[in-house]
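In structure tokens, one chain follows: the form predicted on its own.
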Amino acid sequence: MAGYFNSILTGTKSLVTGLLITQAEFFKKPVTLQYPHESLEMTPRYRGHIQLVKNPETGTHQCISCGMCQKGCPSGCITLKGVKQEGVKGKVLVQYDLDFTTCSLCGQCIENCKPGAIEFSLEYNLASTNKEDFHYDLLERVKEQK
């Protein structure tokens, strides 16, 4: 009989403790964001997919088509192509593709890029059921940037 009352007392104590915690948390400001209407501001150290850095003076990218990012990528997710054009010193970048489905976000491409032409983007809302949505043409994305 003592175990029965002890069980009731322990259960009641647990219930009261839970209700007190609920009451204390009820009046605090919620930390949950209402997703479609609100979004988080990403920290500068966030690692999204890579993107070409846009030169603010010229409005174009800074890539010199050296290919070091492509060579340094352990996943092999970067494909770039540069061609030699007459009247232009060095190669001109004509293709820069990223297959984000195989990217491991290791940062080796950014470490290997001597001119600092690529960086991690702060884009985090990447969800799709279509695999082709994760194949990025980074040259087109630079042109679309404001």
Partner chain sequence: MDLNLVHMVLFLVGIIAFAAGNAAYLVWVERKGAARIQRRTGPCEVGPAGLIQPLADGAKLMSKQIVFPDGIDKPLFMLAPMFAMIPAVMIFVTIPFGPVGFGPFADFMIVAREMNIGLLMILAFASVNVMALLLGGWSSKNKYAVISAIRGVSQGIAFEIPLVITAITIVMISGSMQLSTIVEAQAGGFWNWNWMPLQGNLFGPVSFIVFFICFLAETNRAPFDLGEAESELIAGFHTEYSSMGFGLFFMGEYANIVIGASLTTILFLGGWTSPFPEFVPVLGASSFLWFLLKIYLLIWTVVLIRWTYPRVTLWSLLNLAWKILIPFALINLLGSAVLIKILPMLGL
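Numbering follows the first chain given and starts at 1. None of the values given here were measured: they were computed from a predicted structure.
The following text describes the form predicted in complex with its partner chain, which does not appear among the structures shown.
**Student:** 54-62, 92-100, 34-42, 78-86: which one contacts its partner chain in the model of the complex at 4.5 Å, heavy atom to heavy atom?
**Tutor:** Within 4.5 Å of the partner lies stretch 34-42.
**Student:** Can you pick the one in D137, D133, E123, E25 that has a heavy atom within 4.5 Å of its partner chain in the model of the complex?
**Tutor:** When its partner chain is considered in the model of the complex, the option within 4.5 Å is E25.
**Student:** Across 97-119, which residues bring a heavy atom to within 4.5 Å of its partner chain in the model of the complex?
**Tutor:** Nothing in the stretch sits within 4.5 Å of the partner.
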